[in-house]
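Below you'll find only one chain, the form predicted alone, shown as structure tokens.
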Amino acid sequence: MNYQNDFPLIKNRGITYFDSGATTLKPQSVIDAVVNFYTHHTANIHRGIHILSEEATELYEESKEKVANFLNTKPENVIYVKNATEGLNFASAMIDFSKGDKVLTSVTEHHSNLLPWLLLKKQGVIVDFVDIDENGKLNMDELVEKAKGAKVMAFSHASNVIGTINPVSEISKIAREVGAISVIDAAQSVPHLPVNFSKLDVDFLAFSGHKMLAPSGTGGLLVKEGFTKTCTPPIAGGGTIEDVTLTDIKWASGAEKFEGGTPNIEGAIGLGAAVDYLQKIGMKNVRRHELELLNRFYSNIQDLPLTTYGPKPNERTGLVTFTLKSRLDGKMDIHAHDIADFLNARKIAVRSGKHCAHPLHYRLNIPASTRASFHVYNTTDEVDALFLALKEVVEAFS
């Protein structure tokens, strides 16, 4: 499985790109879809009866249908947002909170699924956390106990640091049993796993387009049907209403109610093209390929003074986060930034730092980590090259 020829940046720059957890490269078909809109169809949507506006509207709505089919929901339940961060903030704003309400989340969360809830503490909302075990998995007994009395249960589908795939269906079942609203950060699952919104049976699910081969500034908040009818939009303006007078507002129905102003039309069309690309490959094949790369990495590193974090390969997404020591006797850690800088000089791109998950790093008792995250354009030869480069790092810093 080698799709590198579809990604012009690889050919143009000759870089081994292991930073897909931050953002993915874009295939030529996505680039072409955006350029085609600009060169042949540029117009605003939902507002004009001229041919360009009608074409732009059709392309925009087609993209939403593709996303809905991809994630098994209805287009009217897909709110286009600029990324998962905005989607999770929308979810927080769409829920009515009172003093004393409780939000339950975990110590593993990306800041995007942490800060919106922590901000609610100013309103007297209680935020509580579920810990993880030694393998980086949620402590489900603790989750069940702390779920009692929760108004919202907000968890990631997959961790952007340790790759843990959380049991979302089980979490949503627990949420229903205690009467809580379930909110899922799927930024790290939608690009890598088959995700079925209807089967997961959650209330809100947010994802980012730029992490799934689509343009930046795209993403979606999937909302269970009842919420689109009862919630007030966090942003109001052009396109969100059916009618308005100086004394009354009649909101639009479905997702349109929440998409105020001119959207990222070309980005949405690019997102639809990314969905086409992923569906052509098949998400099961994407998952199979990433597991192959993960297993190759783990089989290579046995003789390195390297510590990985999170569960074993078949229980995680296609990323590996690690720390590395300078000596085989394990006395001194090499800082993550030094590792990344060393690899960068060899045209290997990885991520270093706390990966927008500071509390998790404090929980793991490490100041920073290095993350290599994979996608369809990576190969086993590249994973082997990473291993050889890491051997050089150890030798250089020893």
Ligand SMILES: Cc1ncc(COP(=O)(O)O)c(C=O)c1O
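Numbers follow the displayed sequence, beginning with 1. None of the values given here were measured: they were computed from a predicted structure.
Same protein, other form: the form predicted together with the named molecule, not shown, and the subject of what follows.
Comment: 186-194 is the region of 128-136, 163-171, 186-194, 72-80 lying near the named molecule in the model of the complex, near meaning a non-hydrogen atom within 4.5 Å. Contact between K211 and the named molecule in the model of the complex is found at the 4.5 Å heavy atom cutoff. The named molecule in the model of the complex is approached by H110, whose closest heavy atom lies within 4.5 angstroms of it. Taking the partner from elsewhere, T85 is found to have a heavy atom lying within 4.5 Å of the named molecule in the model of the complex.
Within 4.5 Å of some heavy atom of the named molecule in the model of the complex lies at least one heavy atom of A158.
With contact defined as any non-hydrogen atom lying within 4.5 angstroms of the named molecule in the model of the complex, G21 is the only contacting residue in 14-30.
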